[in-house]
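The data below hold one chain only, encoded as structure tokens and taken in the form predicted on its own.
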């Protein structure tokens, strides 16, 4: 009889708590969104599966000695996984549209307004009972507004590791919901005439320009914002490998095998932070709400800046491309193109939108560097 009791106590049925069941359902919900709805499946699938694994009672996968524990400590605790992801994204990014029209940097910068607006919003939440966000917490939450998953994970791992799960889920959820969230904001802030504006074809960009650009960005970051160098530096390395033409094997590895392997373990590591005791809090609801506000503000500011640039240029810029200033590459640019085609079937904005889109990637990395420098200055 005693043996049966010991056997029973070692089963999941005897050790399940309601909170663990809730979080496993959350994990299954993420799997549903990834598989059925195809919302950011490359990351939501491993994150969802990691959430299920970490909430299995007795297994201890996220505790010292468990697989998820070491995956998190090695990859995210050290900050390595987000940096490797950034290198892969750099290897997949074509800066040609931004080099051909450097003014698009302004749209990438304007879309980061949501980050700093949310920083103050997170601090103001402390006036509501149940919330207790430090400046470091608020900074990590604010970066969700950049719609850049690796940057959000990198900053959260440095400033607020206890909030990493909620921040990562919010960041990737809103990235996945770009086609749903952005169009109503874009249409509300523009009229039909503006959405029909056809932009001039971009000039050709030489291979030499594309090689020089990442080196210029890196040098500028080193000189003016060293705190952002880890993210920007890896991004520029990946892009230089792509454009220099002499390391095709390395470039293809960064674009495919390496980024795919890292993505699997990054997702599992993030999922390991979705344990019941860390996720089921009132602060998590606040993070999810602030993330939505941040993303909406970033989109709106990008569109409004593009409207201003359109007026100053005499109507040569379609304001829709401002929405691509958030760094959800390339989904935000595709959404801009789709909304533009709805207004004018001959209006192809994809290449024009890629300019502010890649500028947004750099903008979110720079914003993360600013927050990191302010909140956790070097010793």
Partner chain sequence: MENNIGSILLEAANLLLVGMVSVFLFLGLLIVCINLMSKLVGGDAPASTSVKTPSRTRNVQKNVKDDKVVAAISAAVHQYRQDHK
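Numbering follows the first chain given and starts at 1. The model shown is predicted, which means the values in this text are computed figures rather than measured ones.
We do not show the form predicted in complex with the partner chain, though everything after this point is about it.
Using a 4.5 angstroms limit between non-hydrogen atoms, residue 23 is distant from the partner chain in the predicted complex. In the predicted complex, residue 185 stays away from the partner chain, with no heavy atom inside 4.5 Å. Contact check for residue 113: a heavy atom falls within 4.5 Å of the partner chain in the predicted complex. When the partner chain is considered in the predicted complex, residue 236 lies well away from it, no heavy atom lying within 4.5 Å.
Of the residues given (296, 83, 262, 305), 305 alone sits with a heavy atom within 4.5 Å of the partner chain in the predicted complex. In summary, among the residues 92, 109, 227, 276, the only one with a non-hydrogen atom within 4.5 Å of the partner chain in the predicted complex is 109.
Not one of 75, 154 and 271 is positioned with any heavy atom within 4.5 Å of the partner chain in the predicted complex. With the partner chain left out of view, the stretch that reaches within 4.5 Å of it through heavy atoms in the predicted complex is, among 120-128, 146-154, 245-253, 280-288, 120-128. Shown here without the partner chain, the chain has no residue in 267-290 lying with a heavy atom within 4.5 Å of that partner in the predicted complex.
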